[in-house]
Structures are given as structure tokens and as C-alpha cells.
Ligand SMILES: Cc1cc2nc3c(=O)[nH]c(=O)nc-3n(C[C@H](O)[C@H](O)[C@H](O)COP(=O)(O)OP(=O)(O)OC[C@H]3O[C@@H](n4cnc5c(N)ncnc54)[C@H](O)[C@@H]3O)c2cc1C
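Given next, in C-alpha cells, is a single chain: the form predicted alone.
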């Protein structure tokens, strides 16, 4: 088998990269090791409404709910509300992630992408040290797939990046262990996402409640691996659910567990090789969310791959346009939010309580991390020196937009 591009992994990053590469003239194969695209769901299922402007999906079958804002609860339960009405900025969707992923894959197929299921990448094909494709185990048959470009969209444990000589290691402080229930039999009174902070509640992370209709919600937790022990995430989540009266009659219809990188991005390009999505660490270090980042970066990757195929230039220098462009878009936000994560880790619960108390009546200018930073500096000028680097990164990000 010979293709211009083989994409390893059919998640959002893989499907979007494959689609835009095909739309730009490349012959693309996308492989998936599982039996079904979109399952098991390993996601909180929240995404920004930015995607409305990107022509990534059709229809609205993938939408479980449209959110009107968010509430952030400090350890002593002081609530800071960020609403679309108040801030006049973007909100988000809670999605059916399985349908979401399959819709992205469908758009890829519509563009001409071939999909191979039950296909596990087992290594890189190389000739004289150059990557020439991959080896694949497909229904227990060993195959060789030749390709000019290999795309690693194979998640947080990316083997493609490792085989390609990229350092993909993660420190425990840059990895979140997560657990989530989808609960039904609850009363979702409004379309707000709730976030709960505190070292006793979720050390180094937070608990979230994302409504999915009027009587169901995703209730999950993410905690830093460096601050956790085996089984700790699920135990803390169970304790939270037992204490919250909203869930007294709730029953689980789904449970999932996994890991999310909350690190600085890594190198994403080699000769004949590109990394996208979780494999590239295109994840928000504060929220652990990566859908909007991987869609945006995946589109860039597909466009650059299309150029490479047309010019027959698959060198690292040529493919570096991809890395340059994602750094100018999602890269600055990831860098800024990694800095925020490190600052937050140094704060005690009483500091969170004090900050939340000062912001509970605040009229936010925008519904974003930058909006929160501005509010903190306004209310607490003594934080300016600590937060000044973040404001600088945010100004550069906005200037590019």
C-alpha cells in the first residue's frame, strides 16, 4: 500500500488533519486501532463555540447542550460567575463526543480519506534512516504502509513521536489523572458549567459538572499525577458526589478514566513526520481541554501537508511551517496557561478563598483566562509582578488575532 500520508489515530486531531490534507490534494490513509471511532469516550465533552466559525461539522446532532456561562467555586464554596450576558464573549457546548468524532471522520471521508479500522501501528518503516511509512497489525496480519508523511495523532502515549526520535516523556507534575461519571436522574437547573477548586477536593486540578440536557451531566475530576495515589481520583469524585444534594437520586450510565497532558508542547516535526493533538501536547494546561486546539492545529497540519505533497518536499525544514503557525495561534495560549498553572500550584486554599471573595461581584470584561487575570490584577495590584508575564503573553496573542 502506498499513500502520500498515513495518519495514526482517528480522534479529532487525526480526522481534521486527514481531511484538510485530502482537500489539499493528498492521498490519505487514516488508521484506528479500535473497532469503532469515537469510543470509548475519554473526554469531559466540553468545547468552545469558536468551532462554529471553522466549518468542521455539519448539523447539530453532536450537541448535548449550549452553555450560558461558568461558575467557579473556591474551597470554601465562594462562587465566581462568568456569564455570556455579563461578559459578552464566547461560551461553549457540551457535546456527545462519540458522535462528534464520527462526524469529523465522516467529513474526512467526504474529502477522500480512506479509513482502516482494527489497525495498530507497530513501528516506522525506514530506508537509510529516512521514514518511509509504518508497519501495521491489521486483524493479526502484518502489513507495510508506505507514505511520504506519517502523522502521529495517537494520543498522550504517542508511539509515533517516540519512534521518530522526539522526546515524548511527561513529568508527573505535567500529567492529570482523570475520572468521570455520566449521571442521570439529576436536576440541571441552568446551562452553566461548574468548576470546584481546592487541595482537598482535587489536588492540583478541579472537579467539573457539565450539564447534558435537563436531567443528565458529566461529573468528573482531574488531579495532578504528582499529587495523587492509585484510585485517588475516583475516591475523591465519589466523595464529592455523595455530599452534593443535586446527585442524591442520581445513577451512573457511564464511567471512564484516563490521563491528560497538562504540559508545554513538544517538538512536532521531523523529516517525513508530524505530531498533532494530545501527541503534540496541544492541551490547555489549566483546563485539560484540547478539542479546539487540536482542531485548529490539525487544520494547519493538513494545509502544510498539502503543500508538501504538491512540492514533493517532506523535509523537517519545509514541514516546520506547521510548527511555526501553531505556535503563533494556540501555542501562545498554551504557554500562558502553563504559567498560570504553575502559579496556581503555589497557592494555598485560603488564597483561593480570598481571591474568589474579591471577585464574586466583579463585572468581567470577557469570558476567558485573560479576563480572570485582568480582574485579579485590578482587585489585587500586589499580584501584578507575579502575573505581569501572563499579561505580556496575552497581549501578543491578541495582537496576532
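Residue numbers count along the first chain shown, from 1. Quick caveat, the model's predicted, so the values are computed rather than measured.
Although not depicted, the form predicted in complex with the named molecule is the subject of the following passage.
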query: Residue 290: touches the named molecule in the predicted complex, heavy atom cutoff 4.5 angstroms; finding: yes
query: Partner proximity in the predicted complex: residue 46 to the named molecule, non-hydrogen atom cutoff 4.5 Å; finding: yes
query: Interface membership of residue 374, the named molecule in the predicted complex, 4.5 Å heavy atom rule; finding: no
query: Proximity of residue 155 to the named molecule in the predicted complex, heavy atoms at 4.5 Å; finding: yes
query: 8, 121 and 178 all contacting the named molecule in the predicted complex, non-hydrogen atom within 4.5 Å; finding: yes
query: Sole residue of 339, 359, 51, 42 within 4.5 Å of the named molecule in the predicted complex, by heavy atom; finding: 42
query: Single option in 204, 306, 265, 258 placed near the named molecule in the predicted complex, where near means a heavy atom within 4.5 Å; finding: 258
query: Listed range touching the named molecule, judged in the predicted complex by heavy atoms within 4.5 Å, from 181-189, 316-324, 250-258, 139-147; finding: 250-258
query: Contacts with the named molecule in the predicted complex, stretch 2-41 (heavy atom within 4.5 Å); finding: 8, 9, 10, 11, 12, 13, 14, 31, 32, 33, 34
